[in-house]
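Shown below, as structure tokens, is a lone chain in the form predicted on its own; questions about how it binds or moves come after it.
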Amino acid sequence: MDFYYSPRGSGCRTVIMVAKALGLELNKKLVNTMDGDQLKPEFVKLNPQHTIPTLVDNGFSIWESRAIVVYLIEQYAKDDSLFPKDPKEQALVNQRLYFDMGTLYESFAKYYYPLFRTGKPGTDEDFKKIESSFEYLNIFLEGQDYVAGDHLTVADIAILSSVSTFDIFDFDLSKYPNVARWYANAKKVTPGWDENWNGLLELKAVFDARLSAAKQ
């Protein structure tokens, strides 16, 4: 299956880790968004929204990272541990996935994305939304080793991708002890962590280069 991605993207890294957990080989096709690869007609034909990650599996094209990983699990997983079939357990996993998309990573985007464009972060109010997101996550993890249930699920992997992105930008996780504890464990038990971290190092290098250029 063809996987159109950038190693720096959080969603892309989520898919890579889930594929690793499933023992799947991805035919990785690098998309350089800075050069406009995502706007080429052949890519737009696969994904009219021209976003990454995009997966093409035997002619079936799907995008949005959380949709991709659920598809991969339901299509290829040997069991339902990563995405439970029990309606209540599955609902909890889905809630965490939507929290990751609409609250946690959204707060990262609002505050940190401006750094790439202008060299300056978002507003103080934007930073407060980050703090409240981590406060919620800290509550979710009270007395829990995993974000949705008693074992590793796709929700842990998606949130790990997001939290590690905050980590590379030196966000202080120590203020949220349950998150810090979960994060330390998640790095150890999640397949593909090393590739996730390597992608983050690339992201940090790009950011540092842009920040340096902006100061000149």
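The shown structure was predicted, so the numbers you read here are calculated from the model rather than taken from an experiment. The numbering used is simple: start at 1 and walk along the sequence shown.
From this point on, the text means the form predicted in complex with a small molecule, which you will not see here.
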Assert contact_stretch over 48-56, 162-170, 143-151, 179-187 against the small molecule in the predicted complex, heavy atom within 4.5 Å, equals 48-56
Contact test in the predicted complex: residue 92 vs the small molecule, heavy atoms, 4.5 Å: no
So in the predicted complex, does any heavy atom of residue 130 sit within 4.5 Å of the small molecule? no
Practice item. Find out whether any non-hydrogen atom of residue 101 is located within 4.5 angstroms of the small molecule in the predicted complex, and reply yes or no. Key: yes
Can you tell me if residue 33 lies within 4.5 angstroms of the small molecule in the predicted complex, counting non-hydrogen atoms only? yes
